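Just one chain follows, in the form predicted alone, and it is written as structure tokens.
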Amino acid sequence: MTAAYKYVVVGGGMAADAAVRGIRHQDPNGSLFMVSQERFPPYDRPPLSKALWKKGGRVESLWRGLDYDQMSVDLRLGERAVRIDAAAHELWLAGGAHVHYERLLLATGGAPRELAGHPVGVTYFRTVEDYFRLRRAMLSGHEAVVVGGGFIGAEMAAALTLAGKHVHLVFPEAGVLSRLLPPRLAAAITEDYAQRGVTVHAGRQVAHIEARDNETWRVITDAGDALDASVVVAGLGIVPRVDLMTAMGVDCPDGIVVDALGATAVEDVYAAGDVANFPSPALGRRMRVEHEDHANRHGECVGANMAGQEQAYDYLPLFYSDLFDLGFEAVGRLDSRLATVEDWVEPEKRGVVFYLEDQHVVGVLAVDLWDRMDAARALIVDRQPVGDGSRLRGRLTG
């Protein structure tokens, strides 16, 4: 017999949890089923590569705190959704069970992008179980290899260094975060990593990984470097989990395409969070965002829309990172290929970078300056031409 629910949520991350909050805000009593592949209830992901590695960081701080029993949510953990029957409004699970839905939300997030050839011995850092696995592995050996010079790779290199490991950081770009940051800032951060003891292998890719014994691995780069380590961590971004949609013949070029309400091309099916490709009025383009602020805001908005709110998501989410002593917040598009205007209080250590396209501000990065994001967001939403951007200096640094 098929169980029937008014709302079904696929996924157990931050967006899924926020969606439950949005649904319950609009509809306190509608029957609700959530299914997640993870064995743990929803938790915050950013601390996995940030706060948990600092002194006093505690796993207990991860849990998001919703009482699903009290909120009458039927939570199924450790189970995978495998098929949607859109005509019958049914979701099938890997164990053979299926549930009927009136409204279905896909908050499926993404799977870690893997190294070519899928070498063994690599921790793809994404979940709390990955964190536990990495903590155990760190009990033996002093050397670690981190692959990837983006957010996760850079954060993990800093975290493992602070935890007492000697880290080799391997990535194909010219510098840490160089796909996002202006060249001088990326170079300054890369130099800071080197001064803190990280051995930086810029412009390098992993060619091969081999097991040396039960506890150590040898990473061979395309330049022939041989790096021995007890821990190999890859932070290469994610691939959106779109298989439930593509199995129905829906094209998903970069995530699941949704409208301003979070609705997909399939009737009564919605998507939110990392997996959703949504329209951004502020930037005049579609986006897919993999950060906490978006997961929380979009998840709650789409959940409420499933329950009848019908509120367009026009929010421009912020994101942040901690790299040793350097912290930053940002909003909009960060792309090193865009024109930039740099306004430094202290060069490459404290200031603001504006990203311009067609003489409009489309992104703002605040380095070691806080509480600037509302003003930064207003600059982007305003969509007024700024010429060469010289007039922007002093706007956010004062």
Ligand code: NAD
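The model shown is predicted, which means the values in this text are computed figures rather than measured ones. A residue's number is simply how far along the shown sequence it sits, counting from 1.
Just so it is clear, the following notes concern the form predicted in complex with nicotinamide-adenine-dinucleotide (NAD), a form of the same protein that is not shown.
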Is it true that 7, 31 and 296 each have at least one non-hydrogen atom within 4.5 Å of nicotinamide-adenine-dinucleotide (NAD) in the predicted bound form? no
Heavy atom within 4.5 Å of nicotinamide-adenine-dinucleotide (NAD) in the predicted bound form: which of 319, 131, 92, 324? 319
Which one, 115, 202, 75, 283, lies within 4.5 Å of nicotinamide-adenine-dinucleotide (NAD) in the predicted bound form by heavy atoms? 115
Thinking of nicotinamide-adenine-dinucleotide (NAD) in the predicted bound form, which stretch from 76 to 84, 264 to 272, 237 to 245, 309 to 317 has heavy atoms inside 4.5 Å of it? 237 to 245
Given that the partner is absent here, does residue 304 sit within 4.5 Å of nicotinamide-adenine-dinucleotide (NAD) in the predicted bound form, heavy atoms only? no
Indicate whether nicotinamide-adenine-dinucleotide (NAD) has at least one heavy atom within 4.5 Å of a heavy atom of residue 255 in the predicted bound form. no
Would residue 279 count as a contact of nicotinamide-adenine-dinucleotide (NAD) in the predicted bound form, using a 4.5 angstroms cut-off between non-hydrogen atoms? no
Would residue 212 sit within 4.5 Å of nicotinamide-adenine-dinucleotide (NAD) in the predicted bound form, counting heavy atoms only? no
Heavy atom contacts to nicotinamide-adenine-dinucleotide (NAD) in the predicted bound form at 4.5 Å, residues of 121 to 154 in sequence order: 126, 147, 148, 149, 150, 151, 152, 153
